[in-house]
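Only one chain is given next, in structure tokens, and it is the form predicted on its own.
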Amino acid sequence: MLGRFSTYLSNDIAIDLGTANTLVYIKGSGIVLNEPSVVAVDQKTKKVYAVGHDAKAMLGKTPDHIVAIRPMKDGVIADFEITEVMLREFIRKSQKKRFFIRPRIVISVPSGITEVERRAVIDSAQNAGAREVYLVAEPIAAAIGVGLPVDKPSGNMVIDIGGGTTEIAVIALNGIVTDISIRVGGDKMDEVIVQHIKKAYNLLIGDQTAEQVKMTIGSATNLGQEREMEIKGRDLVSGIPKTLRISSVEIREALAEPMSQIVAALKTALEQTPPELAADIVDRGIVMTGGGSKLGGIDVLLKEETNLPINVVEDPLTCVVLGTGKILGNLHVYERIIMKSTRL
């Protein structure tokens, strides 16, 4: 009775706590927030200047005493205090009115995180105002968000390419049968683009410029039409600003390393899949989610490497938070899916 009464006095929340973006889902309202996982802090006073979109706009443009921090790295918490501040602000923004009882929160996390990293996420959420915290592995949340029959005795393979990690899992009977998690994602792609421009042209560009290059002319394989774009940065020899034109060919070559790591991880996951479930994957194909799946031709590359159908979902960025939201609404149904964590 008390538990039922509590649901009317609190607003339960599902969170996709990503390296690049954080999405918040409110029970009964859907996705209410989608902002970059960035916090701008004054190092002298420790005052928080901005969180989310406003903070991301400051990346690489702040005075020395103000730093724009991304507290999540490789899908896990790198800065405990800043993550707590960010979560508290996102929870505040997403709740239009105050409730008497603190919310229950379900958070999606990489399937390969350690026990210490799990505790860090739970503690951050509790300190940010959560009454109870539940964790769920991102591949399962993505599969549920897409609408795959994860409770059936048939194999469903999901590859979720996020900002910090790539999660590959075969799911059956509400559990992960095969699971590969590598710390390669959108951030790694941006990093190799920065390094390529620096090495080839002695030009230093920022992470936001690299992300723009990736999204505009980046591709995983030759799509038949090469493109060019203009970028601006600082010449490392003369020290003055410089403009440069780069082609999609060289960006594809720069992206070859992270692409090969994702392909290798996918092949490893397929090798570890039981034969009966492998047969289901041949019939159903592989479902791709996450922001990284929007890279041009990445589905074509994976299809060439595996000879399996690759299906990129319509809105890959929201699958995880939508699945986490479904779990939030039916915690008793998905009890086996929730990741257990022992207090240290």
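In this text the structure is predicted, and so the values were computed from the model without any measurement. Residue numbers here begin at 1 and follow the sequence given.
Note that the form predicted in complex with a small molecule isn't included here; everything after this is about it.
K.L.:
So in the model of the complex, is the small molecule close enough to residue 117 to count as touching (4.5 Å, heavy atoms)?
P.N.:
No - in the model of the complex, heavy atoms of residue 117 and the small molecule never come within 4.5 Å of each other.
K.L.:
Do residue 214 and the small molecule come within 4.5 Å of each other in the model of the complex, heavy atoms counted?
P.N.:
Yes.
K.L.:
Just checking whether residue 161 would be counted as a contact of the small molecule in the model of the complex - the rule being heavy atoms within 4.5 angstroms.
P.N.:
Looking in the model of the complex, residue contacts with the small molecule include residue 161, since a heavy atom lies within 4.5 Å.
K.L.:
How about residue 20 - does it come within 4.5 Å of the small molecule in the model of the complex, if we only consider non-hydrogen atoms?
P.N.:
Heavy-atom contact with the small molecule at 4.5 Å: present for residue 20.
K.L.:
Taking 4.5 Å between heavy atoms as the contact cutoff, choose which of 186, 258, 145, 103 touches the small molecule in the model of the complex.
P.N.:
By the 4.5 Å criterion, the partner-contacting residue is 186.
K.L.:
Would you mind picking out the stretch of 227 to 235, 119 to 127, 162 to 170, 261 to 269 that comes within 4.5 angstroms of the small molecule in the model of the complex, counting non-hydrogen atoms?
P.N.:
So the stretch in question is 162 to 170.
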